[in-house]
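So here's one chain in two forms, each on its own in structure tokens, numbered structure 1 and structure 2.
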Structure 1
């Protein structure tokens, strides 16, 4: 080594030695930190970005504020949940719907500041909402669901007053301003990072987030961990208790369970139903499970493919599904049964059991009537990403179908490819789930049964009669009429059997006994702001 190089190296080394004193000073005590373990973490810090995953919605929910949010209520078992019927201001001080019902005016909180100290103005709000309806993809879609479609709808009245003009009267408009998408961003800062080809600074926003939320992004290592630090100047609500949230990615479910049992982690998301059931029955930590609203898991049949184009075949399959066995062995009863209902919908409860049950003799008879007395061969497609549940389900279904003469092979599709496979609508028999954020049955049907044929209509199902009822229900304000319409389209889907619903699963979250305040949200992500440790 040359002498000069040696000197350089030692200089660098001594500079490094000086660093630790500063670093250990900011080491925070465990008591103020909540360690959350997840299977996989966020992939972007921009909820408007392309390909943003569910965990990113969770991160953005805590990092950002919206104009509105929902209130909270206590469920019958003592669990806290968001309250769909109570819309509350978050970044807004208050809001007033105009007398003609065609606009809403927000007063912004005067003390509201972005994480860098800049005050929030109505201009920021407009820029942020303009961005959401302009960038295309998921955010634009989601806002459209609440009739929020054009930048012209968003009006700056003065620095702290902001108005949204309605295109039409829509019961979803206000709730849609409280979903995770319409976040308020630091417009001046984002604009600085915009380019001619990227006017909304999407590139920069992937890993930078400067907003008003209850938590700041302290450190993010994609694929490993995300650290959130409390924003002590937050005005959106009461100051959260936890100073710091560390979200660590631990891919193995067994490892996550071990971490919880040994007390090394505080909260565990992505719990397999088996772990949830066992720990609920008497474990070292607690499980809070809430049935996921507007959701069920189902056996889907592509109605345009032989032999599933025959309703009798579909009805036969719906009566050959081993519901009880699947419920016990695959999801360990962590859900509500969706089978064994009455023939027609009698209530407006949603989701509600469908009128199918395991009855092999009846299924065999139906198959014979349909001209398939000797059965047929087909494929069951499942998502490998949820193999802990879908694989036992598929094997049990396979066994049961074999008894009525239907021979099946199981196709495991990697998580990333599953959506593409469903989009192709050529997987005759498949196991899948769907849930809608906005808790209305017509919203669920619009995505999963309607003839517009969205990705979630995995059965390629089209029935104009159903479409008409769903479309009418969308803008129906009268509850009695809505109930009639709802019973109508649910009834049609029961008669046509494109799906055999299995169960409405629980959203299970594991947490140590000293953690309280957990609240269920429709977006199914963890809200750090209500968590209390100790």
Structure 2
């Protein structure tokens, strides 16, 4: 209650502070500017950078082009969504897969230019993809998920013809060229800022981006706002309607809500579930909510740290989670429950509920069997970049664990640092989320359960049997065999309990009624190119 009252009392003051900066858009034609409010903004302009946050993905998506992109479709409720089944050219004019299925050749758009007017060539494409597979960390792992692993795979045929040679036939290769990572950069300019110790100009690229996208970076003030200006020379698709996008960082859900209700902001991205639930029922602006595919929020446990190296302790925690309370109090039921499922997976639906439920008596029994009858002390780590959800979740989890003897303190990690903290894989108990960009369950597990350096395996979990099934599923073309493999690796993760899934959240976006064209994308960021202001 104190926190809610605080938000109410500070909303007006904060809105008053934010409004002048927002209304400055009037001088540059407010009708052609879309003002987006967010909790936190990008921390880097380099999609390949170490620790680049999810909000940077949105910036990079709009600032850069890739060879390929996805088409769009209309969902049953009329909402527009990307279409995973339609792969279309973006920077490429067209593409052709070889008859033997072991390479793909791209013809580049000859009028494509970088933001400084320099023509794009196949040499830029090669350098950019070489960079992505060589810098390590997230970008290299992402492309490896589609069997894009070696610079030798990327071949310049001529100035406007480029070929990718396949290491193996992989269903994920072409889709992986359409995710945010394989961006095409101005290679000669980046090389000028490279050094012997930084051959890919990673340091310079944190705050500089010269590429081909529909928008160019006009101004970036970290912690405050990012301004994107339309690139009128863009050839990657139809020219966007909005000439300028201002992404304003407005901490506090109440502050963002006040700005939307006053009409000072056009779009509120990643709305807190409470606001979305209330405004959906009759607010001044509209809410679009889509279940995030291939995604769930979870309680993670680092299995290499005591006492979570004991599977009975992990199972005890999974049965001490107050699922229903967290679902109601933290996300106002804006999602699909991922608890209370059958003991083993019975379908290939994904995501699907896991076989845990709140049962404190059973949880205490398991702790005693594990040798922790008197409980233990640990830490719950949360992301303050999503505090409106993570704080109530953490408090409810803390209270429930205390009832079985587990005493916890809550570590509040700033949003800009949370991903880096999770990649360290040393937060014994944590609340986090993961969503796989490419919509296959084996892809989800490859990223977040696989023991061979899976980047988002925040639990540091390793099980060779699970890894083997995931690896086989990646290349299995027979639907029946794939289903058997999928049920196998999901079943193992249910038994081993490295994490307890909570819910599949909705991505809720608030928009003024004169905004149209919003499209749900797998990366959960705004595609500015498709927004229209009436």
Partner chain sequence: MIALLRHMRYVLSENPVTLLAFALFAVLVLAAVLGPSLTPHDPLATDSTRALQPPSATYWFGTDQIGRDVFSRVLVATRLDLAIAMAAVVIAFVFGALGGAAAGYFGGWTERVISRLVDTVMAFPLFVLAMGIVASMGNTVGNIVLATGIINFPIYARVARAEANIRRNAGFIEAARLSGNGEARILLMHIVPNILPIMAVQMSLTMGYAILNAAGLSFIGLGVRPPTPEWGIMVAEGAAFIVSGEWWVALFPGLALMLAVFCFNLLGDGFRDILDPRKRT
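If you superpose the two forms and keep the largest set of C-alpha atoms that fall within 1.5 Å, you have the rigid core. Nothing here was measured: the structure is a model prediction, and the numbers come from that model. Residue numbers count along the first chain shown, from 1.
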Checklist line | Which of the two shown structures is the form predicted together with the partner chain | finding: 1
Next item on the list: Tell me, please, whether between the two structures the C-alpha of residue 409 is shifted by 2 Å or more, with the rigid core used for superposition.
Entry: yes
Item checked: After fitting the core, residue 471 CA displacement of 2 Å or more between the two structures -> yes
Notebook entry, point to check: Is the C-alpha displacement of residue 131 equal to or greater than 2 Å between the two structures once the rigid core has been superposed?
Noted result: no
Check: What's the distance in angstrom the Cα of residue 310 travels between the two structures, core superposed?
Finding: 9.7
